[in-house]
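To begin, one chain is listed below as structure tokens, in the form predicted on its own.
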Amino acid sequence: MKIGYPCINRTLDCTSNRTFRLKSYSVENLIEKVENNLDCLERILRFNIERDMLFFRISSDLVPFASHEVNDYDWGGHFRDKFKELGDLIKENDIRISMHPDQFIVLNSNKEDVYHRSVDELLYHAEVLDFLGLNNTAKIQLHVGGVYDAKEKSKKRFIDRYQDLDGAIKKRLVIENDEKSYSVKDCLEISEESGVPVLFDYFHHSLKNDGEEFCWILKKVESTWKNRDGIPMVDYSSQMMDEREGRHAESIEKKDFNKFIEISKPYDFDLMLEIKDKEKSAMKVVDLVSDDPRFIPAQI
């Protein structure tokens, strides 16, 4: 079990998702922002290694406008050496990497233009992971998408489109349950038809479920991940007190987390903490799971 958090480190004085407005696009702007983002990503990874946090979700904004038609610059070639350097750092320290396109990336959209833009954006994410030289265990997680008043047809549309994806995307894509439309049961049904692995989101499941037993879920989800995919990834958060339903907690709630860890035994997975205070909660969780035989610390 590797512990991680997504995209942003609030302790360091840098950000790996700096971008700019489309109207300000220029190759110079692009190079400047990507150089900053890659340098900051390296700082974040080194920070995490020193603190036994070996799972990280790279920001989708690493390369601004990468899939937009305005950007025809060979950013992968320009930063080839830096990508290799970062990839070597990741592999040497056995860090698990993921990415998560935003909510506008909808593979099963009933609008063709949205679907094609989504495929282009997924290809960009796959290119980043390929430029880093990472194997198939580095994943791109995605929600199934919309229902469009016809859930079964929308599920079938996702399955058909998944099968047609470029292999560079298909080998990395995983789907996760959401809190409104597609439960774990739905995702497992899609996986059975398509072969796409299922990433389990614990918090989303607490908001939308079909009454499944937690350990049954982990067993079923685990079976969707093949050896080439690595062990399953799981997202964890809890409800922020006195806020709208579905708002992620500001910091780790030890009682809820310890319950989650206890009932998850003996299943092994890499754990992404979708907690607002990012690395602060991740460091607390490292301490909480330090005696768990599943936990993997850094080998420095």
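Residue numbers run from 1 along the displayed sequence. Worth saying up front: this structure is predicted, and the values here are computed from it rather than measured.
Another form, the form predicted in complex with the DNA, is not on view; read the next lines as being about it.
Participant: For a quick test of understanding: in the predicted complex, does each of Thr15, Asp102 and Lys278 have a heavy atom within 4.5 Å of the DNA?
Facilitator: Looking in the predicted complex, the three residues Thr15, Asp102 and Lys278 all sit within 4.5 Å of the DNA (heavy atoms).
Participant: Which of Ile175, Val106, Leu132, Ala126 has a heavy atom within 4.5 Å of the DNA in the predicted complex?
Facilitator: Of the listed residues, the single hit is Val106.
Participant: Which residue among Lys84, Lys180, Lys153, Arg228 has a heavy atom within 4.5 angstroms of the DNA in the predicted complex?
Facilitator: It is Lys180.
Participant: Would you mind picking out the stretch of 265-273, 38-46, 60-68, 252-260 that comes within 4.5 angstroms of the DNA in the predicted complex, counting non-hydrogen atoms?
Facilitator: That would be 60-68.
Participant: Do Lys111 and the DNA come within 4.5 Å of each other in the predicted complex, heavy atoms counted?
Facilitator: Answer yes; at least one heavy atom of Lys111 falls within 4.5 Å of the DNA in the predicted complex.
Participant: Report yes if any heavy atom of Pro197 sits within 4.5 Å of a heavy atom of the DNA in the predicted complex; otherwise report no.
Facilitator: Pro197: no, not in contact with the DNA in the predicted complex.
Participant: Counting only non-hydrogen atoms and a 4.5 angstroms cut-off, does His204 reach the DNA in the predicted complex?
Facilitator: Yes - in the predicted complex, heavy atoms of His204 and the DNA come within 4.5 Å of each other.
Participant: Should Ile8 be counted as a contact of the DNA in the predicted complex, where contact means heavy atoms within 4.5 Å?
Facilitator: Heavy-atom contact with the DNA at 4.5 Å: present for Ile8.
Participant: Taking the DNA as it sits in the predicted complex, which residues of 144-175 have a non-hydrogen atom within 4.5 Å of it? Please list them.
Facilitator: If the 4.5 Å heavy-atom criterion is applied to the DNA in the predicted complex, 144-175 yields Gly146, Val147, Tyr148.
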